[in-house]
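Only one chain is included here, represented as structure tokens and corresponding to the form predicted on its own.
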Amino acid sequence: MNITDKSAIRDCTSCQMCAAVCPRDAITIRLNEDGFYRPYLDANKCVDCGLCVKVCYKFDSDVKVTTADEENRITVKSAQYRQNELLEKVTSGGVADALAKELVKQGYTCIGVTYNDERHRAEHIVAHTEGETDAFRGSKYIQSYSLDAFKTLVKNAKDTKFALFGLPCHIYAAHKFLTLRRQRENCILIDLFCHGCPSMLVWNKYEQAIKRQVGNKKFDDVQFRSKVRGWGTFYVVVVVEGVKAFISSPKHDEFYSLFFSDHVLNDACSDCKLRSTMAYTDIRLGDFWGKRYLNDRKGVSAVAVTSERGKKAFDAIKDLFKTEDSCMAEVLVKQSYGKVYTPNMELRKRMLDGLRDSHKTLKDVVDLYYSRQGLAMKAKRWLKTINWYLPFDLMRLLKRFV
């Protein structure tokens, strides 16, 4: 039995752990025609050991669901770096950045995500020093190529303590592998409140358009949700030769328009159970959206601690932060936890076809999506556009009212 078995009950999350655990290197990972990472099997190498299936979400008929009572017992905090200089360099409140550095000091090898301009993709990489974890800073709103880093985890988990940062699907797969090998206690797993991952076709077109604007120069840094205009805004900033060479317009940004359409997310994202359970992680992090910090412009993290390992890790850094007590109910109201998306499949196909078409722009695909919206969604989009022209204080007041 292997990863291609027809008994799968769910779609692929693109986590790539199946290829990492394969003892015969029979599985490779590459993008499919819709722009999602998928495993491809060399049947001549496969010995049907079944290890790939044992770590795969597609075949798990017993995914653990966190009950309401269990959610109520989870320790939840808001947290914001006390040092403004550090706070400016991170996407939200800075907890992931501090955790990575603290865990390296404690002897963990850290795995997190950076952006690789040469390969035009986000990648999980391995960090052994505090300085190397700087590459993890900032959100990445695209799927990560994780195979190489996961192979390092699989090969060395017996003798090495790992701290892994990833999406719930990455953390689930790592948890399954580590539990299977009885090595879970040696590692700490940290995931994110997740909305879903869009097709890489979206990023490819978006990146190509930016490259044309900046003269095809190398991207030194890509900030998928820069604080260039304050926290809570969705600006994409690209740094070239030390200068912010591209700053997107959140009023009409095609990348985020398609991301939040939910029509071109990975197949598994529509009804992902892992997004909506806390059973496999030690800490889950995200932005603390909601009324409490509506007027904050610096960034606040939501921190949900689910295990004793997670508690010890957060306790080691908490003095670096301004913290307040919270609860899952307050955090989840502004997250995608528990939500199921219902994309129009015919429209999804047309949008993906447009993304594949070299003669069509992202704007063409966005216009197609907008053309199928009802009056309520068009009115909401119109109000959001007006909102961007208002002074900051008035904009936040309107958000609070709505």
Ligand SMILES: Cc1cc2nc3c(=O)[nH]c(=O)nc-3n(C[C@H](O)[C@H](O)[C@H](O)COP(=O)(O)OP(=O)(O)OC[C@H]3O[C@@H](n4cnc5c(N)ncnc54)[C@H](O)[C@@H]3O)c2cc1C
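One-based numbering along the sequence shown. All values derive from a computational prediction rather than experimental measurement.
The next section is about a form of this same protein that is not shown, the form predicted in complex with the ligand.
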{"item": "In the model of the complex, the residue from Val95, Ile283, Val202, Cys110 that sits within 4.5 Å of the ligand by heavy atoms", "value": "Val95"}
{"item": "Residue (of Ile142, Ala127, Leu103, Leu189) lying close to the ligand in the model of the complex, criterion heavy atoms within 4.5 Å", "value": "Ile142"}
{"item": "Interface stretch in the model of the complex with the ligand - options 207-215, 159-167, 180-188, 310-318, non-hydrogen atom within 4.5 Å", "value": "159-167"}
{"item": "Heavy atom distance at most 4.5 Å to the ligand in the model of the complex, all of Arg137, Cys194 and Ser301", "value": "yes"}
{"item": "Gln335, heavy atom within 4.5 angstroms of the ligand in the model of the complex", "value": "yes"}
{"item": "Non-hydrogen atom contact Thr91 with the ligand in the model of the complex at 4.5 angstroms", "value": "yes"}
{"item": "Proximity of Phe246 to the ligand in the model of the complex, heavy atoms at 4.5 Å", "value": "no"}
{"item": "4.5 Å heavy atom contact, Lys77 to the ligand in the model of the complex", "value": "no"}
